[in-house]
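Only one chain is included here, represented as structure tokens and corresponding to the form predicted alone.
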């Protein structure tokens, strides 16, 4: 399967890693919204914005209850187990099927901020829970989400933003999200070529689309690595090309986070730029997408 659009961000073409300067805007619009000028400037500078205690306990409690419901649902493609532990849940996709999460992702403090950053109406490209159990919760390697979404899903431009909602307290010790400030301004082309049905393996343990160590050292030398820490209800917005990852959770404190990926309605998916077939729609919405209600 090939795309008719120019590949402005080639990756996994069989060559070596390469770092190129970003070609897309970071903030796409200038309309007002819930984010202040100071917050917008921080997002544009760092590639992410951390908002402590943004959501109240009622919203968090409702989502925690929904987490238990979704985690007990029948096995299916939206449930992903930890690598090497089929009885331990790692991720749950398609959160919008539960009313608590559908309501949360439409809140103006979240969806309105995404519209403000992306300069358009938005839709949910992907939503999921990441669950890190006490002692055994596994980490995620360094990666740019956009690299995967571009190569495997066909996302044309860097016009999407991820929203991470802490459903439990995020400490420096229990495997929090780590982000490299300023890394969104560079695109890291990854080596190798995408295997068929790569998502069946990559959601448990990603090997393709992972930058080499030299590229990561280069990015980290230019921007501080910062953790997303805070009490339950804290929120981090991070630009789709920001380099991020997390370590294992070897502490007695479990961690749970919800991710909502807002994509511009003007940046809908085309054919993948580096995969034989697009990933399933529970990983990447395509076709008849609907804007998130105001």
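From a predicted model like this one, the values you see are computed outputs, not experimental measurements. Numbering follows the first chain given and starts at 1.
Just so you know, the form predicted in complex with a further copy of the same chain exists too; it's not on screen, but the next bit is about it.
The three marked residues, 101, 168 and 231, fail to reach a further copy of the same chain in the predicted complex, with no heavy atom of any inside 4.5 Å.
Residue contact with a further copy of the same chain in the predicted complex: residue 246 places a heavy atom within 4.5 Å of it. Although the partner is absent here, residue 217 lies within 4.5 Å of a further copy of the same chain in the predicted complex, judged by heavy atoms. a further copy of the same chain is not drawn, but in the predicted complex it has no heavy atom within 4.5 Å of residue 72. In the predicted complex, no heavy atom of residue 123 sits within 4.5 Å of a further copy of the same chain. Judged by heavy atoms within 4.5 Å of a further copy of the same chain in the predicted complex, the contact stretch among the candidates 264-272, 31-39, 55-63, 250-258 is 250-258. Shown here without a further copy of the same chain, the chain has 172, 173, 178 in 154-178 lying with a heavy atom within 4.5 Å of that partner in the predicted complex.
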